[in-house]
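Consider the single chain below, provided in structure tokens and representing the form predicted on its own.
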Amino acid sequence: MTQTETCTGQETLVFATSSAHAKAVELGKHVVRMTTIAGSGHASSGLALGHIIVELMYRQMRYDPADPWNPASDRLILSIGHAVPIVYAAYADLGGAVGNDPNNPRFLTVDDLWTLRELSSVLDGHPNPAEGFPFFDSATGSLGQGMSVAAGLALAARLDGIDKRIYVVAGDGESREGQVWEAADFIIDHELTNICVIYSCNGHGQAAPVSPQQYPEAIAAKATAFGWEVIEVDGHDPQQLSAAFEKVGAGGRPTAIVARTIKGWGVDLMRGKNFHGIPVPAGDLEKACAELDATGERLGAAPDGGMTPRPPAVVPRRRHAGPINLPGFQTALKRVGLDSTLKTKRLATRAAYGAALVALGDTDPRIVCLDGDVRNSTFAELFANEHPDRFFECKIAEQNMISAAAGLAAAGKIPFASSFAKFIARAVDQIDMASITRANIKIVGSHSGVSLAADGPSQMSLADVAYFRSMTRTDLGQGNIACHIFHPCDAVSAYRCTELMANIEGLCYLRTHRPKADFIYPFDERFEPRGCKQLRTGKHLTIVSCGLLLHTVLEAAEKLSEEGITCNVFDAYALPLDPAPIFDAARASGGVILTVEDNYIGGVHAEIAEAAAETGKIRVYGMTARRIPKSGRTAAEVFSHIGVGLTHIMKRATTLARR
């Protein structure tokens, strides 16, 4: 890598090369200094990206650092999130806007770099737009997710008719992640030719060199096999980088630039040693900076002082006011040909979700849908039929689906992502990252619990409620909570809970079931977040349930009443839950509550028991799935097998009522 005469002999290219080297050195010194001051950080990985970031942020990307919220701006996803100090350095050098209020931004300075990783700083240890760094669209750092987010951003740009490019910087080590290739497939499927992925191939992971399967030649071969336009370059040669970026999109395919880079570029004391996540010791700081200067001098670095990004088009930011109101339940069912069920008053909650999704799509163009090759089971197919341009088939790749949904949300869409609840569990890490981003995504887990019966436990989700509930009492730092859960018992409640999700800003999870269920609620019933509904009154016991199992609880309550035991019955369709109505009823009926659930521990029982422990004088007993389920011919059989069948409920309720 030397600054030599270009193949055309043009002095402008030589000048551009010398100025790029100078900027890479300048930013590199900032990276070394800020990580040393912070006492932690990934300086060596940042230095490997120096020339790539200079080429992107100063020459290729069309964006205004003072207005990162402009929808027309090209976007950069730093999938190799630990290398973020180099982006911070460039953004501070450019005076980029930070903060969460586009109308009142602050502009980053070089002095802000020395606050890296401080609690009060917008410069988090890994990228996180929610903490005030809007140049990024998603939190990254858990590797392998950036390409999927880029896919969501590219889909949104297509829907909005915006000509912009989405750049992803990834690492060679992270290319081992399966989600990388899920995204590579998805991007080809949907012909997202405005995406460019740059693989920084520095040959080193955290603990050891990368596998030969992640060598540049192997990555290039894989990307080629997946149908991408592949360009191999020296990642520290400005001319090669510039020429590669000028070809992005020209071949009618997404572009993969495989760049050979040097971890710790320009700093000799980092070369050949494991400096991953280890800053330069304070005593060696000036030596490291001097080595960078010497590297620049050897390459003929010459600052020009005039490197500025390309301006983007001016596109007004989208503003949406007011709630999304759906038509009546009957109207929505008629719209999708399900109105015959209005007479039978029997419909699966998954089908009602599909009807609600179509109604949402009719009402608001921001509504989009993703599904994981089960749309004919989740009833997302109804949306695909009516709004095909806003439906995105993700196939069997749930991790990519959730991260792509986060990208769509970052671009102002309201994505609903559906699959079997059991398969959603594959994407727990992606959901966590979306919650860190504060992504406005809606996840729908169909065929939840054990009620699908005959398919057996490999298709049943019982741990999902506890997982999602772990976020329902978590403050996002903005006065709202990290996640809302909705678990409807019939078609009416499923329809209205879907409407609620569309109007809540943030992560929501809807649990639906396979079997058809009788309508419990009148067609005009309304629901609210944190709410519950009292369906029966009694004086001996209070029973709380939700979802399909609530029908069994109601049957048990009816039979108990024939034996002289009357029960309050509540539908706890939402978590978090305001337990006050349940506690009021329980105090008037002996102070005892029995919860009955089609999931493992950590759901409604935990919600009510924790609240009761703070109030005192109320005892809460729980019936949940306490064994691994198995196949059965009917839902009733499997409910009984896991200990929450009709006879189990009646026996436990009788014991508690007589106590």
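Values in this document were obtained by computation on a predicted structure and should not be read as measured data. Throughout, we count residues from 1 along the sequence that is shown.
Just so you know, the form predicted together with another copy of the chain exists too; it's not on screen, but the next bit is about it.
Asker: Considering non-hydrogen atoms and a 4.5 Å limit, which listed residue (Q399, N440, S73, T255) is close to another copy of the chain in the model of the complex?
Answerer: By the 4.5 Å criterion, the partner-contacting residue is Q399.
Asker: Ok, G328, P102, G178, G249: which has a heavy atom sitting within 4.5 Å of another copy of the chain in the model of the complex?
Answerer: Only one option qualifies, and that one is G178.
Asker: Where, among 47-55, 627-635, 61-69, 24-32, do residues come within 4.5 Å of another copy of the chain in the model of the complex by heavy atom distance?
Answerer: This holds for exactly one stretch, 627-635.
Asker: Evaluate G141 for contact with another copy of the chain in the model of the complex, applying a 4.5 angstroms cut-off between non-hydrogen atoms, and reply yes or no.
Answerer: The answer is yes: G141 has a heavy atom within 4.5 Å of another copy of the chain.
Asker: Can you tell me whether H648 touches another copy of the chain? I mean in the model of the complex, with a 4.5 angstroms heavy atom cut-off.
Answerer: Looking in the model of the complex, residue contacts with another copy of the chain do not include H648, since no heavy atom lies within 4.5 Å.
Asker: With the partner left out here, check for me: in the model of the complex, does some heavy atom of E232 sit within 4.5 Å of another copy of the chain?
Answerer: No, no contact at 4.5 Å.
Asker: Could you confirm whether N128 comes within 4.5 Å of another copy of the chain in the model of the complex, counting heavy atoms only?
Answerer: Answer yes; at least one heavy atom of N128 falls within 4.5 Å of another copy of the chain in the model of the complex.
Asker: Does every residue of S211, Q214 and H641 put a non-hydrogen atom within 4.5 angstroms of another copy of the chain in the model of the complex?
Answerer: Spot residues vs another copy of the chain: full contact, yes.
Asker: Would you give me the residues of 457-472 that have any heavy atom within 4.5 Å of another copy of the chain in the model of the complex, in order from first to last?
Answerer: Contacting residues: P457, S458, Q459, A463, A466, Y467, R469, S470, M471, T472.
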